[in-house]
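Taking the form predicted alone, here's one chain by itself in structure tokens.
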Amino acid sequence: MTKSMQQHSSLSTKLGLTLLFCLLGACTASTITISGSFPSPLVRKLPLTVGVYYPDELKNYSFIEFDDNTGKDQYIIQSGTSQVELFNTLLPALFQNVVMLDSLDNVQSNTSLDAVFVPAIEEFQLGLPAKTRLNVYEIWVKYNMRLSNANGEYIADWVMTAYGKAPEETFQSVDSGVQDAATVAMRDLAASFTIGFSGIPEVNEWLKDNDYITE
């Protein structure tokens, strides 16, 4: 093989590898794992011992954003761990005692519990500047909150939404923008939950009926 042919073969190999890497990159979604700090709310604790159960769907929650052109996965937003961290900070600030439950089976045998709380995510929406044509990253989350007594009897089931946004010009990457918007959204939930918990009509009635709060 001549030197010219060797150079041509080497160039072809490099171009082939470059094309392969580009194709693989186009098919690989970027994973963004949400992390953040959540300050503990300063509120008067309710005199309750509450069991908390995190469903696997919450602990492992992820959202997939699809590419509008190819229909393939573009971003995978993993927020399960941060959701658990949020509630682990929020709930002990609101209730006198919090007991983590591995299962809802045999909860009735735990006579120390006043109530059982189970949070879930029903819907998650992501707004990217490249798609919305707005200069902000946006996160919107719809939660479902369920509260029952230790016997499994219904107390309340309510929906809460959280919203967060972050200006595009502040961040150098999609990862940073999504991170900040998600943190703002979860802090929004923390504030709404803390302020609004006792005001949920069914919760308020239950608290009064059991003398956990007075008029």
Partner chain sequence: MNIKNTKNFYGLLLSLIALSLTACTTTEIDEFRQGATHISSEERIVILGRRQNNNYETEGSFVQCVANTVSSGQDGIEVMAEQEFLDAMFPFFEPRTAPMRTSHLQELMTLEVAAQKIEEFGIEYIIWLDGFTERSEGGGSMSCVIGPGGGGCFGFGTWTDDSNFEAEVWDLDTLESVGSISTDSNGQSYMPAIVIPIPLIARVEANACNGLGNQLKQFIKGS
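Residue numbers count along the first chain shown, from 1. If you're wondering where the values come from, they're calculated on a predicted model, not measured in any experiment.
Beyond the structure shown, there is the form predicted together with the partner chain, which is absent from this document and is the topic of what follows.
Problem - E65, heavy atom within 4.5 angstroms of the partner chain in the model of the complex - result: E65: no, not in contact with the partner chain in the model of the complex.
Practice task
Although the partner chain is absent from this view, report whether P55 comes within 4.5 Å of it in the model of the complex, heavy atoms only.
Solution key: Outside the cut-off, so no.
Practice task
Answer for S40 alone: is it within 4.5 Å of the partner chain in the model of the complex, judged on heavy atom distances?
Solution key: Yes - in the model of the complex, heavy atoms of S40 and the partner chain come within 4.5 Å of each other.
Practice task
Look up in the model of the complex whether T161 has a non-hydrogen atom within 4.5 angstroms of the partner chain, and give yes or no.
Solution key: Although the partner chain is absent here, T161 would touch it in the model of the complex, with heavy atoms inside 4.5 Å.
Practice task
Let me know the one among L147, A190, A150, L48 whose heavy atoms come within 4.5 Å of the partner chain in the model of the complex, would you?
Solution key: Going through each option in turn, the one that passes is A190.
Problem - Stretch in contact, per heavy atom within 4.5 angstroms of the partner chain in the model of the complex, of 150-158, 55-63, 28-36, 164-172 - result: It is the stretch 164-172.
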